[in-house]
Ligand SMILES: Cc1cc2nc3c(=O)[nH]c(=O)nc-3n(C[C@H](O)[C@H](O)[C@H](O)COP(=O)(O)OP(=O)(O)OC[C@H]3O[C@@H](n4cnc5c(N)ncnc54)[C@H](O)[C@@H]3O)c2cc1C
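Take a look at this single chain, the form predicted alone, given in structure tokens.
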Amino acid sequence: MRERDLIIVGGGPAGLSAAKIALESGLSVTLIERAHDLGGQLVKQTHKFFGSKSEYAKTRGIDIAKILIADLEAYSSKLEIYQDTTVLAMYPDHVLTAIQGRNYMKWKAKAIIIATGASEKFLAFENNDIPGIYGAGAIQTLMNQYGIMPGSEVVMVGSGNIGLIVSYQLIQAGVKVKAVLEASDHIGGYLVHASKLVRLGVPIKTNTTVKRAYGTTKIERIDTVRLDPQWQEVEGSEESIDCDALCISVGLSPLHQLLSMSGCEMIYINELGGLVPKKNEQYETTMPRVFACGDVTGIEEASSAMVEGKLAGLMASYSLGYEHPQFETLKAETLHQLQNLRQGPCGIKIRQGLEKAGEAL
């Protein structure tokens, strides 16, 4: 069993950001990622980010991933990275077990940061298992990582930022987006993204969802239905749309399983995406020296995940007696950045969730 100062589970934007800060603080770090590539969701995001320079505004997600990975290269003597590696369990004594291929591994850490991210939610409707029905992340992976077209005529379900952005990327790839369906009475994402689709002739149908899908070897058609203010189906409102692919983009759920099975106290907060770990202002969970950051603590944008990763890296290092040379400055900057990222109408949901969790905004 190997011993390390810090083990970070998850090599996405939060985990990579945490690793950089911890390495700068002088810790030996092990970074474990279950996927083949580091970068998490960033590696499939070709759109440019909003925000400020500190959150890589006007930089594409795929390029941000490269920057975060390159930032770690100077610390190779203190850093070990395991990719294609799945963590199997985490124990209260800070022992972690993992598997890579046929190799079983075991570590003991002084501190742990969980940055496992989130998984896509799915939607219940008749015949939702027909081939050609994808999550938005799967379509981004097919198109942006492997250059594979998911279909020629697609219907998008969900008008959050991911649904709107992926719809636009489909159009850029030559795919016809037949419609964007939204169950609520308003568009969920930024209007700047929705406006692009409207200008290109894509109808965005609010108070509408998919009722059933048709097809044998692949999807051929869907029926949509209108919803009333109580989210009940409006009788006689069904319409059919021909399509050869259906994309589901109805939100994300925190990948909390490792924390849950380890005995961390969890709380269900709908505004944060579901089950999230209870944590203090230092991003420490109810397990001593086990920290959590990014989407596993509540669904937000990648910009927030990177900032939370920095904060978790600072606090994990500090808990072990390794104070970052710019500890106070970085702590103040990250807290200020998070506050800015959560302002405005788009931050209402996360602010409500944090308030329910009893966390300072």
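As the structure is a computational prediction, the values presented were derived from the model and not from experiment. Note that residue numbering follows the sequence shown and begins at 1.
The same protein also exists as the form predicted in complex with the ligand; that form is not shown, yet it is the one meant from here on.
Within 4.5 Å of the ligand in the predicted complex, a heavy atom is found for none of L79, E284 and L314. Exactly one of the stretches 332 to 340, 319 to 327, 22 to 30, 291 to 299 approaches the ligand in the predicted complex with heavy atoms within 4.5 Å, and it is 291 to 299.
The partner is absent here; in the predicted complex, the one residue of P277, P150, G273, G117 having a heavy atom within 4.5 Å of the ligand is G117. Contact check for T85: a heavy atom falls within 4.5 Å of the ligand in the predicted complex. In the predicted complex, the ligand sits within 4.5 Å of a heavy atom of L258. Using a 4.5 angstroms threshold between heavy atoms, A305 counts as touching the ligand in the predicted complex. The ligand in the predicted complex comes within 4.5 Å of a heavy atom belonging to R34. Taking the ligand as positioned in the predicted complex, the residues of 2 to 38 that bring a heavy atom within 4.5 Å of it are, in sequence order, V9, G10, G11, G12, P13, A14, G15, I32, E33, R34, A35.
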